[in-house]
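Okay, so here's just one chain, in structure tokens, the form predicted on its own.
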């Protein structure tokens, strides 16, 4: 874009949003240009902060007029570079942080309408104030936003009971690539009137349009949530315990997280104020949570009976049940601090794989052998949502090695080993983090060719000029 055209474009943005909400100085742009993992840093013509859907539509219309790509950004907590512009400085970042209103809550219908920039924790609190539950929960919930959660079809720790973000969404408001407002804020549980446009935009990572608001499902708030930590000898024992828990607890089982002993040791090393309730007697731990509607005493008795029976049968080595909300939060904090401990330890090779539970033991055992043979001294930091078959199978550099050099030299080989193994087991290379720019080549390698072709056709139909989050998700898409 020529300098004169650039200034005209910026002036037009200022006329729509006001001078204060069009950022273009380097120091103002900087916080929006690097992803959370610090893997990608781009450049941008400007960062814009619309405060209402009409302003989003007006901005997109201006971008369409001038041929400028739009990179939507919520809390900037993504792990695949999906909200970072490229390095040409010819795109804008559209931050949704000012689209942060709870528009309505209907406890009787179990529906909350939130704008895309609402922080997930604020939505949880708004539901709680009405005696309801919005169950989407993940480590970044204090900073991630609803728009980003939906754009990546976020998973988190309660998928086992409530499903992914898509399952928690009834309808959407979206600004299309042409700057039109699609009002599909369906508030009904049943509405069978043609194509599910919601499902096109959820998980599309902003490549088809910009989500500006969503109608979200609420659930009755549990009367008690009971948390336990159990040590198990191996993954096979963890899966056996999962089956027992599902049989005994039914739909009240809301969380079942697997953590390697090494991942917890990493937390203790970098955050020594956090302590485990027992010495690690085995290679793995499981974090279980039961959400009860019958009362805490009944739920606690059921969970304790489950653990006692599992211990008698040798499925677990030792276990503890949280006796208070503070203890429960402390156990969850151990789990949620694993990614932070990894970041403190240094750059690492992250994987977000999904594998059928029937193949999980074979995957973990064979992949560990392959990785350690190919990368002697590499440390496996494995944890995740075993209940739904999703593991974060991360690989840390050998102790004392240059982490950045390890990442640069070995990421491609490590990805091939881990992703080949997951796909060979009938799994996926991306269970909940999305594709972004990090995994576009993986979609080309592992994606079903017919499915990828259909995705390209949808992209061309809805965004023929390729202005919506260009260079993300679809392999080989030219930047705009």
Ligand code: FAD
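Numbering follows the first chain given and starts at 1. Owing to the predicted nature of the structure, the values given are computational and were not obtained by experimental measurement.
Beyond the structure shown, there is the form predicted in complex with the named molecule, which is absent from this document and is the topic of what follows.
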Site superposed, the named molecule placed from its pose in the predicted bound form: open or blocked, blocked meaning at least 3 ligand atoms within 2.4 Å of a backbone or C-beta atom?
open
In the predicted bound form, do 354, 363 and 430 all put a heavy atom within 4.5 Å of the named molecule?
no
Listed residue that, although the named molecule is not shown, lies within 4.5 Å of it in the predicted bound form (heavy atoms), from 76, 328, 186, 315
76
So which of 241, 381, 267, 144 reaches within 4.5 angstroms of the named molecule in the predicted bound form, heavy atom to heavy atom?
144
Does residue 85 reach the named molecule in the predicted bound form if we count a contact as any heavy atom within 4.5 Å?
no
Does residue 36 reach the named molecule in the predicted bound form if we count a contact as any heavy atom within 4.5 Å?
yes
Is residue 169 one of the residues lying within 4.5 Å of the named molecule in the predicted bound form, judged by heavy atom distances?
no
If you check in the predicted bound form, is residue 139 within 4.5 Å of the named molecule, heavy atoms only?
yes
Name the stretch: of 210-218, 101-109, 354-362, 372-380, exactly one has residues whose heavy atoms fall within 4.5 Å of the named molecule in the predicted bound form.
210-218
For the heavy atom contacts within 4.5 Å of the named molecule in the predicted bound form, list the residues of 143-175 involved, in sequence order.
144, 145, 147, 148, 149, 151, 152, 154, 155, 156
